[in-house]
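Presented below, as structure tokens, is a lone chain in the form predicted alone.
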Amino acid sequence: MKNIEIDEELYQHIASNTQYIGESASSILRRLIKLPTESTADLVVSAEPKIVEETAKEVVETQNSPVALDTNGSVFNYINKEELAMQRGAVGRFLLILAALYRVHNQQFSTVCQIRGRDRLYFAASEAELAASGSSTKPRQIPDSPFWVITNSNTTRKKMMLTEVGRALGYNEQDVEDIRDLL
């Protein structure tokens, strides 16, 4: 297997197309560019230039299309544990989990803006709103969403925030625990 470096935007696009927990980046890319599955890849000896050109065009079109949102699914269908493990730290994992929650629950996600600490907001629709709620909040935008979250809190606080988000979005207590434990 070969390793390649890709920019953050492309990485987020690939991650946003995860269909099940544990799906590899190779499987996602194969599906997006309509290559045969890994088990049948060795049967393909060569491709005609026209097919390659059409496939490249489809990839570009896919990259430029808006991210599809699933309002009927479960967040566990959109979180890739391999991708979580590749994140450098808790903030990266935290943002990835929140992005998956937004993707599945985009219609109700605004309810998380009501989750707050004693003295500050945790979520908001703008960076300025979070920055005004306290000093050193380090607001970051939740990927592929219009919402922002504070990131200058310890991992225990981030887990508590994920717990509250899971409850606000209607998950049962076991699923809330599982979401929290992804961090």
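Residue numbers here begin at 1 and follow the sequence given. Nothing here was measured: the structure is a model prediction, and the numbers come from that model.
Below, we turn to the form predicted together with the DNA, even though it does not appear here.
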At 4.5 angstroms, heavy atoms only, are A90, N154 and R157 all close to the DNA in the predicted complex?
yes
Does R31 reach the DNA in the predicted complex if we count a contact as any heavy atom within 4.5 Å?
no
With a cut-off of 4.5 Å between heavy atoms, is F123 one of the residues that contacts the DNA in the predicted complex?
no
Answer with yes or no whether P146 is in contact with the DNA in the predicted complex, where contact means some heavy atom within 4.5 Å.
no
Going by the DNA in the predicted complex, which residues of 92 to 120 come within 4.5 Å of it through any heavy atom?
G117, R118, D119, R120
